[in-house]
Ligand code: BES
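Here's a solo chain for you in structure tokens, the form predicted on its own.
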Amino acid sequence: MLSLLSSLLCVTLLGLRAGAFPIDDFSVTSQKFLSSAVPDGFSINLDEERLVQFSDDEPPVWMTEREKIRAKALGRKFFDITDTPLSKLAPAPLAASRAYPKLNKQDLVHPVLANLTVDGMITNLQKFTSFRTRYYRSDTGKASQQWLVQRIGEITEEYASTSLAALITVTEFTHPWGQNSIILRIKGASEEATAENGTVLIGAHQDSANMIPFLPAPGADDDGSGSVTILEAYRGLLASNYTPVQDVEFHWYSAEEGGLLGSQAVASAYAQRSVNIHSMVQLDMTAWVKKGTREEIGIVIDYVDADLTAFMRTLIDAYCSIPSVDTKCGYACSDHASWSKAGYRSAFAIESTFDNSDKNIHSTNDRLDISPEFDFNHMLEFSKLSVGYIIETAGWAK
């Protein structure tokens, strides 16, 4: 009955405009937040209309920002396609016609795995969750992004050799809402290999959101965990003086919580330039091990590339100490979907099955100290997966 009511509310929601909403899952307090003036420190017009896509089988609909917030709170997943209305498919990269190889770089990968620790992840996530919210349209969301750029620079300075540092660039992909996406590139030793086989991408989203965006959102698991997980993989690679054969990029996306806005902008820009992408892997929520369940890595099997997903399972078997488990995520559930939309191969790894994932997300309780179920050693398994994925696909120029 509750499920039916929620479904009816979702349908009703799409036909309404500001000021005409029924009472739904939101409390009276929440209604007040969404009808009051926007607090200082936030830059959002709740009445601005946005074009939103809930399914490939449904036409997009115009909704206000206020309605978008309600739809997300009701569990609906979507692309906000206002700025990227069409799926401009990228030309199929050469790598897309090739099967993923059998693993053959174990001797290179395992020494890097030995360099990975939870120490940096703990320190980095403590700082990253100290911002009141990392909401993409907030002052603190911008400040958290600036801190992350600074932290990436500090790690590069500390761990990269002079020759390796010369191959690394960090750029901000600017967005009109203020919080920028971050793109870190390690230039490969072979321009020919990059041109032929494509750039290897790994990403996470840096923003956080409460169901009511003006409330605190520490975002420890969603997706502070993924953000610091790939940062630790980067540090471990630098500490091992890793130089890829083909280009490798680490991405930290802005505005995932607003409808995959940041990753859509980045993927669309790459597609428009016909950038050859080998593959893209997204890590979104890597910390939670539900009490009483088996520790495992969730591999999403819907709206992803099947061959790349199978390759991810192979990597987990080889380089992680826990098994994989298949799970489903739904439409537009994280930033990998933006790359699929643009015509590229993508895959998505998450902390568990969705049924066993962290239920504290999008609340003030998404903290790293909320429960022993928040496990940094579990996150470390995803850093191992990241390192294995990068070295096996981008190679190592020894």
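From 1 onward, residues are counted along the sequence shown. Not measured: the values here are computed from a predicted model.
Keep in mind that the form predicted in complex with this ligand is missing from the display, and what follows is about it.
Here the marked residues V200, G236 and K384 all miss this ligand in the predicted complex; none has a heavy atom within 4.5 angstroms.
Partner contact region in the predicted complex: 250-258, out of 128-136, 290-298, 250-258, 170-178, criterion any non-hydrogen atom within 4.5 Å of this ligand.
The single contact residue among C329, L46, L368, V52, judged by any heavy atom lying within 4.5 Å of this ligand in the predicted complex, is C329. Proximity to this ligand in the predicted complex, taken as a non-hydrogen atom within 4.5 angstroms, holds for one residue of I69, I350, A347, A342, which is I350. When this ligand is considered in the predicted complex, I277 lies well away from it, no heavy atom lying within 4.5 Å. Though the partner is left out of this view, M285 does reach within 4.5 Å of this ligand in the predicted complex, counting heavy atoms only. Residue contact check for R76: one or more of its heavy atoms lie within 4.5 Å of this ligand in the predicted complex. Using a 4.5 angstroms limit between non-hydrogen atoms, F42 is distant from this ligand in the predicted complex. The partner is not shown here, but in the predicted complex the stretch 216-250 reaches within 4.5 angstroms of this ligand through a heavy atom at D222 alone.
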